[in-house]
Structures are given as C-alpha cells and as structure tokens.
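Taking the form predicted on its own, here's one chain by itself in structure tokens.
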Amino acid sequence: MGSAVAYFLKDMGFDGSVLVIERDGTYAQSSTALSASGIRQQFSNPINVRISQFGAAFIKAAPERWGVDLTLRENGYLYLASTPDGAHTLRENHTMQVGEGADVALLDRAALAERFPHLRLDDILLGAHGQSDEGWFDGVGLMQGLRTGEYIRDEVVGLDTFGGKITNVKLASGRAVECGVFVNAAGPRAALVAVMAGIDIPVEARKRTNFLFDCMDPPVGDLPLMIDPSGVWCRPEGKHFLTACAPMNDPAVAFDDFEPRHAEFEEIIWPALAARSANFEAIKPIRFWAGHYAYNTLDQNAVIGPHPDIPNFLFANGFSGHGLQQAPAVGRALAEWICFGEYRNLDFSPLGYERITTNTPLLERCVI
C-alpha cells in the first residue's frame, strides 16, 4: 500500500518528497509476499467491484508500463451455493456485478457439471463464475513494479501532532522526519500506528495458512479458484494446487506468529475437498506457510482516506485479505487526495473512517 501511494504520487507529478518506511526490507513476512495473490470482482458492494476492475486493468497493462508480465491467470473465481439463502445471495450479487460491468455468469447444476465435470454437485443449487478479469497473478512482481521513490528500513515509533495535524514522525533509529501528510499503510500493525496519534482503528492480525498440495489424479482443464460452501477454497498452482480455509477459531495473533496451523489440512480442508471431488481424495501437502490478514473487525472492509479530525493522517488499512488486489486503486485514490484534495476517479468515501466512529459497518453479502 505504501509503495502504491508513492508510485501514483510520482505518476501524478507530485513535487514534494516521498518517504516509504519499511520495517522489513526483505518483505519475508509481509502480507504481500505471503498472500495467494488473487483478484476478483465478485463482491456485493459496487465500490469493491470498481476497485478490482481498475486493479485487473492495471495488472494486465504491466508489460507496456514496466516491460514485465504479471501473468494474470483469468480462470476466475467459482462460488458454490448449497442453500436457498446462498443461491439468493449469488443472484443479488450477480445483478449488481453485471450492472457494474463485471463478466460474471450464474450457472445452474447442469451448467456447472458441463464446465467442471470433476465436481460433485448433488448438494449445489447455483454457482457464480467470473469469466474475465478474475484469477491470480504475480503479487511480488506487482509490489516490485510499484516500488519508487525513497525507502528506508526503519520503524515508526511515535507521531507528533500540533494544531490538529501530524507534524513529525519518530523512528526507531532515533531519526525524526517532518511530515506534510502521513499515510498509515502498516498492514496488520495499523492499530499500533494509529494509536500513536490518539486514533482507534479496529484492525488486528489474523492468521491464514496456505497449503500447496500434490494430487494423485488431478482434474484437467482451465480450473477456477473454487470456493466451496464449507469455506475451503482451492485453485491450480502450476502442476500442484493451492488451498486454504477460514479457521473455525479465528483469534487475533501476535505480529511475529507465523506458525502454520497444520491441523487445518487434515481436519477441514481435505475432508471438504474429497467430498467435493473424487480427484481430491488422494492428495498430500508438499509446502505450507502462514500469513496475516489486516483484519477489520467491524466489517472486513478497507478503511481509506483522511481522519476527520486529523486531516493529514490518511488510512490505507483493514483490507482483510483483499489488500494486494486493491492496492493499485487505493494508491491512486490516496495520491489524488494528497495532490488535489479530492478523489477524481473512484469515490472512496463509502470506505472512509466515519463509519468506524458511527459503528456503521459496510458488510459484504457472503454465500458461506
């Protein structure tokens, strides 16, 4: 997020200095490096659809912009609904998505069986499949492309305020940096940074474990990222498959806790995948890792834009697993705010901090 803001500031001709402060310049434990690097348009709020539309266009234009192909695999997301309520949600979401120009198809059981014959569908009432601008891509490549300007390896430990504005940023090295505008892009640590300015934000670190597995009899074809009604998701990754799930118990975790939850594969993922497809009955994990969501406990949606009482404190926080795909649009939006004092392409006000203060969640309608 910090790199995206810096990139678009330069792109818009911002004539001030831009400093990106990174705790870990290796990015080894960054949410970007540890993510599954997916992008989808299947949301229930129009602003999130529009954010992803710009993200997909930005990713696909990388060869012309940077001479690098971010290899967007447009296999789409496939949401499966097994209850009448879930099917109703898919239909409602689909109406909005298509109205926003998203290329999403509703598929009944017969159409699902024709397109994805490896799936067991006796319990499935409806599916929704993104047919373009959805899939997965080179997330680290996107991060590298966005890196521009001055970077230092340091950590923010304090913020000075005067006259209702952030004036100085204190760093662990002892350095103090004068500040015209401060962007909180601290990922799972967003609340730690915000409280330095006397601001509360409901963002905490939540752990997600990804498993790469081998399949004895893999299904063939251009398979999508399937989201099972159980909450387990699975997609191809080269000759293997990548999978994860939302844990049954999902507490906040320590910022340095990256220990994978190994039991999730045996207890949640494998049973769900084996029930969904005979091809997934004989599988074995070959690699696994854990990363962190910057989880917004209010509504699992991003908090974007200025604080109402400290206008030069800007939020880029709480993406709850959607940050990588939303980074291009968020970086452009905050750069617009800094340069022009307004959003000029997408109106991010629905994702503003005001809903935090009024406890007014902007919830996504979920199938699961």
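The first residue of the sequence shown is number 1, and the count goes up from there. Since the structure is predicted, the reported quantities are computational estimates derived from the model, not experimental observations.
The next section is about a form of this same protein that is not shown, the form predicted together with a small molecule.
- Proximity to the small molecule in the predicted bound form, taken as heavy atoms within 4.5 Å, picks out 37-45 from the listed stretches 37-45, 304-312, 66-74, 331-339.
- Among heavy atoms of residue 208, some come within 4.5 Å of the small molecule in the predicted bound form.
- Although the partner is absent from this view, residue 236 stays clear of the small molecule in the predicted bound form, with no non-hydrogen atom inside 4.5 angstroms.
- Heavy atoms of residue 9 never reach within 4.5 Å of the small molecule in the predicted bound form, leaving it off the interface.
- Though the partner is left out of this view, residue 27 does reach within 4.5 Å of the small molecule in the predicted bound form, counting heavy atoms only.
- A heavy atom within 4.5 Å of the small molecule in the predicted bound form is found for exactly one of 78, 185, 273, 90: 185.
- Checking 215, 156, 245, 227 for any heavy atom within 4.5 Å of the small molecule in the predicted bound form turns up a single hit: 156.
- If you check the small molecule in the predicted bound form, you find no heavy atom from any of 50, 300 and 354 within 4.5 Å.
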